[in-house]
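Consider the single chain below, provided in C-alpha cells and representing the form predicted alone.
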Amino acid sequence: MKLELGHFHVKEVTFGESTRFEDGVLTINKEEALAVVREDEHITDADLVIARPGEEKRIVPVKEAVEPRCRVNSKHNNYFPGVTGTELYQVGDGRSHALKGCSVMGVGKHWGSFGDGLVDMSGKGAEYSYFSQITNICLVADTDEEFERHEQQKKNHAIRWATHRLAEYLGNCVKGLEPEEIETYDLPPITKRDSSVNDLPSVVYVIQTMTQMEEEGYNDLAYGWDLNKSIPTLMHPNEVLDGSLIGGSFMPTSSKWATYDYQNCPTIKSLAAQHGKTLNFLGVITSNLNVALIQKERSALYVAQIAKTLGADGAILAEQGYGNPDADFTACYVALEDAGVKTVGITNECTGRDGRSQSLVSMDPKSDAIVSCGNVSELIELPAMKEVIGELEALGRDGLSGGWAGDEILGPSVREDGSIIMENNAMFCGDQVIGWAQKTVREF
C-alpha cells in the first residue's frame, strides 16, 4: 500500500466570503461551514471561534480534535469511511490532502463530561498539550441530547460527528490544489520484502484502543465499527494515518487519543522512517481495553499470537488510559515477552497528587522497559485567561476527569477570578502516549 499525504501548511485562519486556501491562509465561509454542522438536527446552537498559539484563550470542555483532510483522485467523497457519508471502503492507499498546523476542535457550549478536557493556548497551561502549538478552529456547540446531559459519561455524538463533517468540508478546499510537500508511506507486503530488510530486527506497534464500554457510541472506532465488538487485529500502518480510526469519548481526557492523534501518530511515522534502515516495520496491532479479566487475557493472547506469527523480534506497546486498563497493559506486555517478543511499553502513571502511590495498578517483573509520559494526578494551578471558548464552569461542575466542584482543602477547581486548580487528568489528550509527549517522570 502506498499512501501519499499532501501537506498544505496553514499560517493563518480567518473568516471570509468563501472557503479557500491561498498563500498559507485558510479562509472560512462561516455560514456555509455551520450549515454543514447543522446537518444534524440535534445541534441546537453552534459557532466557530479561532484559537491561535500564544493567544490568552482557554478552551473547555473539549470533546474531539480532527485534522482537516480530503481524498484526491478517489471515487469516494467521504474521508472517514463508516463515519461520514455512506460509503465504506479501505483507506491507506492513494493520495490524501491535509491542512497542517490546525485542527477542527469540538467544544461543548454547556454540559461537559468525564472524557472532555481543557486546552490553554498560552502560559504554563500551554506546556501540557500538543494542541496549544497549532491553530484550533473551535466548533462551539450545544445539542438536544437531553438523555445524557447530567450523565458523567457522554457519547457527545452530535458534536463529535459534526467535528468530523466540518473537518471534511474544510479539507475539500485543497482537493484540487498542488501541495507544498508530499509525505509518502510505501510499506510493501510482509512476504514481499527484500532479504536486506528481513534481516533487520522486526518490530510491531501495538496500540490499545479504548473499548471498555459495552454500549455502543463511547468507544474508539475502526471504519465506523465499535472496537468493543472486535478482537486484536493486524492493520496496515497507512490505514491508521489515513482516517480508519476514530477517537472515542469515554477515556479520562489526558489519557485518550483524539482522531487527530491517530491521523498523525508520531510513533508510526518514526517506525516508517526507520523501516529498511534500522528495523523491519511489520505493522500495527490494534488491541482492546476490556473490563472482565478473561477478556483481558484473551486479547493479550491474540496480540502475542499475531506478533509471534509475524515473526516480530520486538514490540512497542502503547496504553490508552490508566487504572483498569493497566491490567490489559501488563497482561499484553507479559504475553508478548512470553512469546519471545522483546517489548517496550509507553504509558502514563497514576501516582496520586503527592506522587507516592503505585504508578500502575497491575505490575509484573517482565514489564521492565517502560517509557513514562507523566502523572495524571499532578496538581496544576493556572491563572485566568482573557477569553474562555466554551464554558469554564464545566471543569468543576460536570465531572470532568481532573476537575471538581469543591474540595475541603483546595476549594473549587474554578475560582471566582477565573483562575483554576485541577489535576493533569483534565488536560485534553495531554499525556500523548501516542508519541509526542512533552513530559515524563524523573527521579530526584
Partner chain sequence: MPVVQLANLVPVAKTTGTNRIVPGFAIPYPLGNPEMTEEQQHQMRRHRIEVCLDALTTPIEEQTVFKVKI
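Positions refer to the first chain, counted from 1. What you see is a predicted model; the values in this text were computed from it and never measured.
There is also a form predicted in complex with its partner chain; it is not shown, and the following applies to it.
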property	result
214, 324 and 327 all contacting its partner chain in the model of the complex, non-hydrogen atom within 4.5 Å	yes
Contacting member of 88, 291, 231, 177, with respect to its partner chain in the model of the complex [4.5 Å, heavy atom]	291
Heavy atom within 4.5 Å of its partner chain in the model of the complex - the one residue of 77, 184, 358, 305 that qualifies	358
Segment assignment from 139 to 147, 232 to 240, 156 to 164, 362 to 370: heavy atom within 4.5 Å of its partner chain in the model of the complex	362 to 370
Contact flag, residue 296 vs its partner chain in the model of the complex, heavy atom cut 4.5 Å	yes
